[in-house]
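Next up is one chain by itself, shown in structure tokens, the form predicted alone.
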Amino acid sequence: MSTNLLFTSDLKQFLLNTVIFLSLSFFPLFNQATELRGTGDLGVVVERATGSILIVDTTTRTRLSKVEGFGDLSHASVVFSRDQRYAYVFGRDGGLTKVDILLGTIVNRVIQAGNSIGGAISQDGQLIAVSNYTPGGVKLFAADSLELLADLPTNSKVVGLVDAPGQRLVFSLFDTGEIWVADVHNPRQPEIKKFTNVGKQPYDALIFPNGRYYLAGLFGEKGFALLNLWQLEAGVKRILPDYGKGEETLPVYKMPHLEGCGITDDHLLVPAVGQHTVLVIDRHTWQQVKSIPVHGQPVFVMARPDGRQVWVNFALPDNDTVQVIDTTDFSIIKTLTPGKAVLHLEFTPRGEAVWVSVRDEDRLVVYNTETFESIATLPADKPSGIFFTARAHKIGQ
């Protein structure tokens, strides 16, 4: 064998040994840089005073990262992309921000209005809709690029914006007492169906988990406006127009929310406006069957995913308290005091735990929903809304 062939063979072996050595030496660093993880147990917590969000892990109950630069988050909400990787944050200053929650970075941000209060993601995940107070109306954006696709003026503050089956959006007009249903199959030219005279000042709304019913609460008068999205031709039905009749209407220090309300197989639990009660509505007759006295003016009446429990928080001066209702007999089975200014609650996807934001004590408290024991406490800077990625696959979330 020639000397040149021996040299070439030795060089090849040397280079191969070098590659193997370097691979083994730097494998930990390489593995760390390319570590894979899912998104199904992640969530976003709004830090309202600092215009930032926390990205959290609901399995390990830990903070993963903090992302800043969101502007005014004093009334913020969040929706998620279908793959659960991106969060869309709606800020009070009209900001719409797309966040990569795996990398903990802002992907894009636009200021699309002067005062915004929420939004939705379309059934196909391709559109982001934003509801505005100033100048009013709804705007549609491409989910990937945040390109503006359509502007729907309403001459009113828009509330209760949700996605609905059939590539539709549904929302209420606070000033004019209307409900609009927008077909956004063609997002540049949505088709609008309007329902007028639904009641005075609809302030918030919810859509049922199967997408059939849209329920708007009324602030300017008693009752609710109910729209069957499977039978639009039937129009809007008014229900519970006389609830609390004969009882004193108390000052409202914080507007109740209908999002996440307690829906069971047969009943719907909702907050009463201006009363220290939770109303129980029969889902078959739409009649009130019970009024549950509670600790204060309810704000959120949130159902555990299985519907067995409903957790309630309250407005000032009772906002240090949370009460738990057993939906089998509508009794209050637990009263907790997480701390001053409980603003929001969010259940883990299967409901074994609930996360509670305690704004004035700068912390999050996590409770076991079976034992009611506190199982974790995390620091957070003036936390408010809590949103888990499981919402990505729920209608109206």
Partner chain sequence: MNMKWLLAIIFYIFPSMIFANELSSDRQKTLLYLLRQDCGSCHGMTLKGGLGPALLPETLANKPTEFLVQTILDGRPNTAMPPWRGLLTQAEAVWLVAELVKGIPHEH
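Positions refer to the first chain, counted from 1. No experiment lies behind these values; they were computed from the predicted model shown.
One more form of this protein, predicted in complex with the partner chain, exists but is not displayed; see below.
Put simply, R168 is far from the partner chain in the predicted bound form: not one heavy atom of it is within 4.5 Å.
Among heavy atoms of F208, none comes within 4.5 Å of the partner chain in the predicted bound form. Although the partner is absent from this view, P251 contacts the partner chain in the predicted bound form, with a non-hydrogen atom inside 4.5 angstroms. Remark: D183 does not count among the residues lining the partner chain in the predicted bound form, judged by a heavy atom distance of 4.5 Å or less.
Annotated contact segment (heavy atom within 4.5 Å of the partner chain in the predicted bound form): 314 to 322, selected among 295 to 303, 228 to 236, 145 to 153, 314 to 322.
For the marked spot (F174, M255 and D360), a heavy atom within 4.5 Å of the partner chain in the predicted bound form is present in each of the three residues. This chain lacks the partner; the member of R109, R92, H267, R85 within 4.5 angstroms of the partner chain in the predicted bound form by a non-hydrogen atom is R92. A heavy atom within 4.5 Å of the partner chain in the predicted bound form is found for exactly one of S65, T50, T337, T328: T50. Of all the residues from 101 to 117, the single one having a non-hydrogen atom no more than 4.5 Å from the partner chain in the predicted bound form is N115.
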